[in-house]
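A single chain comes next, written as structure tokens; it is the form predicted on its own.
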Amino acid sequence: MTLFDLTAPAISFFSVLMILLLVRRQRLGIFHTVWWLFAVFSMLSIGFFPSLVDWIGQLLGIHYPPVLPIILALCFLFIKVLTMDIERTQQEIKIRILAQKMAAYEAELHKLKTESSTEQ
């Protein structure tokens, strides 16, 4: 095993530490933690068993198997960005509904204040 073979495991180990630190500081939710741990352990398995990529690449009929992790990583990141956009859209809808409810409550409060001031 050369120093080059230890690069992916070292990066994976550092990534696991960062994820655990973010979870401990409550900056990363459970779903996101599972997502990133899956990515890190995938990278770790490729780092420890690089022949696995060659075997899967040949199984899928890919002529240059080292490209397979790059393609999978791009697909993984595409799905991650898509899910982030879906979550952001849902949050924007919730914020818009809350703003409309707050405006309705403020209008009702203003109406009650004007009614009580005219009665006195």
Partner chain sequence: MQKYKNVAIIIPALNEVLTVAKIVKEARSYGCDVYVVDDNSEDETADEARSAGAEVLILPFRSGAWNAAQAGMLYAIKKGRYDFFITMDADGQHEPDHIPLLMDSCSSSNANVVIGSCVQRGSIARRITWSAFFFLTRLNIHDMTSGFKLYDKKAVEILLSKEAAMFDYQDLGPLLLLRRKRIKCIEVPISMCSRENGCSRIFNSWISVSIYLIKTCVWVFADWISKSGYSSGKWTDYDSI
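Computed from a predicted structure; not experimentally measured. Numbering follows the first chain given and starts at 1.
This protein has a second form, the form predicted in complex with its partner chain, left out of what is shown; the following refers to that one.
Mind telling me which stretch in 25-33, 39-47, 74-82, 87-95 gets its heavy atoms within 4.5 Å of its partner chain in the predicted complex?
Stretch with heavy atoms near the partner: 87-95.
Heavy atoms within 4.5 Å of its partner chain in the predicted complex: does Met102 have any?
Judged by the heavy-atom cut-off of 4.5 Å, Met102 is in contact with its partner chain in the predicted complex.
Under a 4.5 Å heavy atom criterion, is Ala107 part of the interface with its partner chain in the predicted complex?
Judged by the heavy-atom cut-off of 4.5 Å, Ala107 is in contact with its partner chain in the predicted complex.
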